[in-house]
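In structure tokens, one chain follows: the form predicted on its own.
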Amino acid sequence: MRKSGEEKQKPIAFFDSGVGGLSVLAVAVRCLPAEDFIYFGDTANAPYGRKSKAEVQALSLQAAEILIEHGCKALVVACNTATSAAVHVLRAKLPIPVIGMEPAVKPALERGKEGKILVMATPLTLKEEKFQNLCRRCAVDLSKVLLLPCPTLVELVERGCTEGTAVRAELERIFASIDTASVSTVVLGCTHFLFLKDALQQVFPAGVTFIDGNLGTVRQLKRVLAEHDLLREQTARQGKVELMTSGGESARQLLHRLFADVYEKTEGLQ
């Protein structure tokens, strides 16, 4: 069904437990430059990865309601944890398309590299049925996969700590029991981890591949918008980006700083 011009002009909404989803938003802004975007980081309630499934569902619905009030035409759950726990609830309750995320296990397998695949994610993402179904759907040989819950890394990024002594010390602690030389591919199964990619690359030998689901999510967003006839006409107009948070002024400033940093790193991406 063809949509009115007014519906196409509405913004695309993104939400995350905090700042992590900014890494997905940056890719979307590059790939869909004519669109307007509105982002909500639930900083006051971060991190989601240590919460119960019911808590994450309630918080996700609360965030979605805030964004719906701003008249959005689609919602991207730019958070692996919220997708795992709540995307089915959001799709059942919201009157707009909802796009979720999942750890990029399939692309990691398709590369066919020798060595183990390390999946880094929050505890809730790794234990949820959605992730188990993903592994079954991809026919994953679990002997090749290492699952590593990393809740403390999310907390570091939420404090704006993406490099330096504290990050190096935490990475050393997390990987103390991992034979990093046996790993060929690292799946960044939490959007926060993109902000630590430079530090993570120092932990592993040269040649290890890092994969995230951001570009795949944005390509799915574009497909869904096209299917619903909701894509804006591509013009020279540059869309607007509005960043919101449930936290205070320091959280708002962090959103803007990290978005500027990660957006710069997407230059040239289509």
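Computed from a predicted structure; not experimentally measured. Numbers follow the displayed sequence, beginning with 1.
Only in words, not in the display: the form predicted together with a small molecule, which the text now covers.
- Segment assignment from 44-52, 227-235, 240-248, 28-36: heavy atom within 4.5 Å of the small molecule in the predicted bound form: The contacting stretch is 44-52.
- Message: Whether 13, 76 and 217 jointly form a contact site for the small molecule in the predicted bound form is the question; each needs a heavy atom within 4.5 Å.
- Response: Negative, none of the three is within 4.5 Å.
- Query: Do residue 119 and the small molecule share at least one heavy atom pair within 4.5 Å in the predicted bound form?
  - Reply: Residue 119 lies outside the contact set for the small molecule.
- Does the small molecule get within 4.5 angstroms of any non-hydrogen atom of residue 185 in the predicted bound form? No.
- Can any non-hydrogen atom of residue 154 be found within 4.5 angstroms of the small molecule in the predicted bound form? Residue 154: yes, in contact with the small molecule in the predicted bound form.
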